[in-house]
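Quick setup: one chain, the form predicted on its own, written in structure tokens, and binding and motion questions come after.
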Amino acid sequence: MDVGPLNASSIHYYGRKGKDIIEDARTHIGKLINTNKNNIVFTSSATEAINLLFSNFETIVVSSIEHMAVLSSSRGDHIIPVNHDGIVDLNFLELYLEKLVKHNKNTLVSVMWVNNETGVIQPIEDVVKIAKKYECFVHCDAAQALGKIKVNLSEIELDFLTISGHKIGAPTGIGVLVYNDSVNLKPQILGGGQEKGMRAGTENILGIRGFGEAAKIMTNKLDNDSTQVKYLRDYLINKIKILTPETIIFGENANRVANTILMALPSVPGDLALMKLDLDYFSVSSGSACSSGKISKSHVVSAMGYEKLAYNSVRLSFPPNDIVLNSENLITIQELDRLAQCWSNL
């Protein structure tokens, strides 16, 4: 079916078809993360979803290694540090909330599930336990976690979750806010009253359908297997360490997803490394890939205590496990050897 001209707000046949597409997608996404589909709101991105949520809270506590969508929209008044491995300081969080909630009852705590630069997995269950002890609402940016680790909202007492479609193969330009319906959220975008009045504007049918189909495929996978990706990542790291033992692998000792490496050479600026690797046909990024093409200081590296390396970080990511296993010559050991050699020649 051609879904291009469909407008789900129309009451004619094609409008109803558009509405069906949206509700089917909501169902598939709800199944993927095990939540009530009626608590899902479609937005243009996870960034918009975060901004929508945060506009409803005056007091927002975040970790120092959050995505810039969280740090910027939270106003940065209440920051929780992380340790050298990039894991949020739970003791600091508890002491901070103990003092803060005495004067700020409507407090939101926001900690990401997986860091987008290092791949480090945060102890979300512990964060939720501490936050709920002090009667705080809890949000988790799960954009980087979706499709890589288990995200099951029936097993964790999160109030809000934000995710992004393109992280699991859907088109860009579609995100989701999962919300606690006991909280009366006010919309940022006003107009036609779409998405139960929480996000006005004609729905992105193509993006929504793509997100739904990607979620359906991901749900039907038996598990989040990443064995081959982890093997390739570890092979590359070991090879790099042999050739350039001075390389720093950020978050190396922490629990992290298999597809991401953030590393640095103390003597090589990140922009220079990026350009030289690009000339050798390796597409890497300097820190986050969401900074409008800018090569800038990594706030994540700084927050982990590597201030002098904040301009040196280079981020590599691998495709999903099924693509690695089913595509010929996409990633070979020979290519990883060549990448490690190029890195050593920087």
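Here the structure is a predicted model, which means the values were calculated and not measured. One-based numbering along the sequence shown.
Keep in mind the form predicted in complex with a small molecule is missing from the figure; the text below concerns it.
Proximity to the small molecule in the predicted complex holds for all of 116, 144 and 164, with the criterion being a heavy atom within 4.5 Å. Exactly one of the stretches 199 to 207, 248 to 256, 135 to 143, 101 to 109 approaches the small molecule in the predicted complex with heavy atoms within 4.5 Å, and it is 135 to 143. For the candidate set 314, 46, 304, 53, a heavy atom within 4.5 Å of the small molecule in the predicted complex is found for exactly one residue, namely 46. Contact annotation for residue 67: at least one heavy atom lies within 4.5 Å of the small molecule in the predicted complex.
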